[in-house]
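Only one chain is shown below, in C-alpha cells, and it's the form predicted on its own.
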Amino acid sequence: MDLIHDGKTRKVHQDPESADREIVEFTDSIALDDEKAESITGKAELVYRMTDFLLGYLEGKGVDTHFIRSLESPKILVRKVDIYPVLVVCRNIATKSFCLRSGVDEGTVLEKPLVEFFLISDRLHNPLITERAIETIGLVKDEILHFMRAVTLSVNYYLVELLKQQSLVLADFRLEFGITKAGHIVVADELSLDNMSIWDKGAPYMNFDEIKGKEEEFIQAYGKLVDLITRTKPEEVSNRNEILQVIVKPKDGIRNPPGEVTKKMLVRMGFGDAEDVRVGKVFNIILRRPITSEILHQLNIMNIKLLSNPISEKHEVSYG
C-alpha cells in the first residue's frame, strides 16, 4: 500500500482496490505539544476498537461519515476526502484549555453545548478562530460552517445519550470534516481519547499530559473505557429530530405586491420612516434523521419545485 500521510497518531494509505478510498492505520503514538511522544503498546488497538464502534454507531443513526468498514486491527477503510482547514470543537463541560481563556472553573457544566472553530495549523498550534474570520479569509463558506455546526451538535447528542448508559459523561470532543469526490460533506475523523474528553463519576479519564511514567495505568483505564462503551446498546438511543428552516425572500429589483401593501398600511398607521417592505415566507421542516449533504441537495430541488419561485424569489437555509 502506498503511504499518503504519516501523522502524529495514525498513518493513511491508499486503498489498492479503489482510488476513492483510503486505509487509516492507527499507531501506538500519543501526540503531545505537536510532537510524537513515545509509543505505548496497546493504544492502537484501543483506538481502533473505540473508533470502529462509535463511527459505526453514528452511521447507523444517519450521520454521514467517511467510515466504510473495519479491517484487520488496527486499520479501518474510509472514503477519501479533502479535509476542510478547521477543527470543530463541541464542549459540554469546561475543561482546562477553555478554563484558561474564559476564567470558568474546571468541571463547570455548560448551560448548552458550545461549538467553537479552530484553524488546523501545527505551526500556529491550532488557534481559536471566529466564524466571521473563517469566511472573510476564504477558508470555508458560511453555509458549510453552519452545516458543520449542525452535524457536530447531532454527533454530540448521539454520543452523550450513548455514554449515559454506562454513567459516562462526554466533556468535549473535536471533529474534522471533509468533502468527497461526489461532493458530500462528511465527518472525517476518528473517535477516541485522542479527540474526546470523557468523564466517569465526576473525574476525567487520565489526561495525556499526565501519562509520563503511568503508561500501564493509562492502558488499563483506556481498556476499561472501551469495554464500557462497546457494551452500550445503540438501539436504545432515540433518534433526534432536526429542524431545517427555509427562508424565502423576494429578489431585489422585482416587485413585491404584498410588501407594497404592507408598507402603505404602515404609513397610514404612522410609521412613515418605512422606506420599503419586502414580504417573504418561512418554512420549518422537521427531519427524522441528521442533516446530510444529500438532504440539502434534495431540499434545493424542493425549493426550485415547490417552496419558492426561482424567477422572482431567492432562498436560504438555516439550522435549528
Partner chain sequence: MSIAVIRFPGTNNDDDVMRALRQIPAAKPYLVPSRKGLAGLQDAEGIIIPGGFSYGDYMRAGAVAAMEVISAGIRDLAEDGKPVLGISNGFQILAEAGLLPGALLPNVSARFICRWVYLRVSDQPSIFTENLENAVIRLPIAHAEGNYFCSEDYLIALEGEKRIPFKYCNAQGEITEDSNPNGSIENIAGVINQKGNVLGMMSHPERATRQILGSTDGLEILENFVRAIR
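All values reported here derive from a predicted model rather than from experimental measurement. We call the rigid core the largest set of C-alpha positions that still match within 1.5 Å between the two forms. Numbering follows the first chain given and starts at 1.
Not pictured, yet referred to below: the form predicted in complex with the partner chain.
Heavy atoms within 4.5 Å of the partner chain in the model of the complex: which stretch among 22 to 30, 65 to 73, 247 to 255, 49 to 57?
It is the stretch 247 to 255.
Using a 4.5 Å heavy atom cut-off, which residue among 282, 274, 285, 261 comes into contact with the partner chain in the model of the complex?
Among 282, 274, 285, 261, a heavy atom within 4.5 Å of the partner chain in the model of the complex occurs only for 261.
Although the partner chain is absent from this view, report whether residue 307 comes within 4.5 Å of it in the model of the complex, heavy atoms only.
Yes, residue 307 lies within 4.5 Å of the partner chain in the model of the complex.
So, in the model of the complex, is residue 300 in contact with the partner chain at a 4.5 angstroms heavy atom limit?
Close contact is absent here: in the model of the complex, residue 300 is far from the partner chain, nothing within 4.5 Å, heavy atoms only.
Contact test in the model of the complex: residue 18 vs the partner chain, heavy atoms, 4.5 Å
Because no heavy atom of residue 18 falls inside 4.5 Å of the partner chain in the model of the complex, the answer is no.
Exercise: residue 14 in contact with the partner chain in the model of the complex, heavy atom 4.5 Å:
No.
Tell me, please, whether between this form and the one not shown the C-alpha of residue 263 is shifted by 2 Å or more, with the rigid core used for superposition.
Passes the 2 Å threshold, so yes.
I want to check residue 289: does it shift between this form and the one not shown by 2 Å or more at the Cα, with the core superposed?
After core superposition, the C-alpha of residue 289 moves less than 2 Å between this form and the one not shown.
With both forms fit on the core, is the shift of the CA atom of residue 280 between this form and the one not shown 2 Å or larger?
Passes the 2 Å threshold, so yes.
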